[in-house]
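Here we start with a single chain on its own, the form predicted alone, put down as structure tokens.
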Amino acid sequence: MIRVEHLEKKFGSLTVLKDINIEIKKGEVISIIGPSGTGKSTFLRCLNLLEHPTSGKIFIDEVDILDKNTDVPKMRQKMGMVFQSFNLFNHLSVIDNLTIGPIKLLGKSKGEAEKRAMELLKVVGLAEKANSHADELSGGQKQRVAIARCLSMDPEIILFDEPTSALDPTMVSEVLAVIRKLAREGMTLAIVTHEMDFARDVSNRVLYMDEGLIYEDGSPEQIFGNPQREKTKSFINRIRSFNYHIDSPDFDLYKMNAEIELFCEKHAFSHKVMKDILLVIEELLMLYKTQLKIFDVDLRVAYSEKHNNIEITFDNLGEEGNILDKADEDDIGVMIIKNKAEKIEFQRIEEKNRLIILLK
């Protein structure tokens, strides 16, 4: 359905995309992952010519859309795009947001467009909001309306540019559920996303982009379970861990806990596991507060899907010694940590003490 050959995009002297070559077949669901600033969104915007490539070719159904003789508006109608910022018309009702395009661009009658719009609002679970204005909706509802609006133009492929990045975590699942439904129904999708579990679950293929290149292309099983290239391995390992640096005993505990909770939600940890993680970390930090002369602690929570376990690591500067051994063995915090741990290991690495706690 889409074939890209030697695509390059520059902004002035900055090369954002370098020699991109890819084919997307009808019915495929492609997730595009990678660090921020590596050209993922620019790649999507080049596909529908919101950004004009510097060089290369893009074919849609074997038609080169960069050819000067190509009817670009007609070709664009085959490809819808859903943005992270919704881009709804706030002064219009929800149903008017869905009908304005089909009436003005596809030549549909108002009655025909409204009938189709209501069908699509039912698909995304928002039929009751048809007469509401966009600014009356939650972020998740706005994104679902944006998806319905995209579908109202009858595209053959939909491009999603980080569709959940602007949403509160509680609203992410409702949007992802709609995208999953489209994937099951055979719609061709290309999705730039930071939701790794979603990408693994919904995709036929995953593209890992780095430094403006498609660095690795493979099945979800390969990319997430057995990446072949070093940068992919590094990225996959990094997204499965939470890292936090604490340089003061008066650090913001609530901020850190909120970020840990978000990490736990992304990996679908149970409520009990999340509470155990927070409890062990809080009790150990209390010990550090009372014993450390220099408060400089690196915290890491790592999830191993292969072994299905969670490892909490603390690194701190200072003289050698396991902080648990230095504490009173009757200390309630020590007792809690040992009760929650399957294994506790201490290491001395250069000038740092490393405490590794494997949760039960």
Ligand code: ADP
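In this text, all values refer to a predicted model and were calculated from it rather than measured experimentally. Position 1 is the first residue in the sequence shown; the rest follow in order.
Here the subject shifts to the form predicted together with the named molecule, a form of this protein not shown in this document.
Novice: Verify the contact flag for Gly321: yes if a non-hydrogen atom of it lies within 4.5 Å of a non-hydrogen atom of the named molecule in the model of the complex, no if not.
Specialist: Residue-level check for Gly321: no, no contact with the named molecule.
Novice: Does Ile349 reach the named molecule in the model of the complex if we count a contact as any heavy atom within 4.5 Å?
Specialist: Contact with the named molecule, no.
Novice: Does at least one non-hydrogen atom of Ile20 fall within 4.5 angstroms of the named molecule in the model of the complex?
Specialist: Taking the distances in the model of the complex, the answer for Ile20 is no, it never comes within 4.5 Å of the named molecule.
Novice: Does the 4.5 Å heavy atom contact test between Asn316 and the named molecule in the model of the complex come out positive?
Specialist: Output for Asn316 is no: heavy atoms all beyond 4.5 Å of the named molecule.
Novice: Exactly one of Asp331, Glu311, Glu51, Asp296 has a non-hydrogen atom within 4.5 Å of the named molecule in the model of the complex; which residue is it?
Specialist: Of Asp331, Glu311, Glu51, Asp296, the residue with a heavy atom within 4.5 Å of the named molecule in the model of the complex is Glu51.
Novice: Given the stretches 323-331, 38-46, 62-70, 22-30, which is the single one in contact with the named molecule in the model of the complex, using a heavy atom cutoff of 4.5 Å?
Specialist: Among the listed stretches, the partner-contacting one is 38-46.
Novice: What residues, if any, in 1-16 have a non-hydrogen atom within 4.5 angstroms of the named molecule in the model of the complex?
Specialist: Contacts from 1-16: Phe11, Leu14, Val16.
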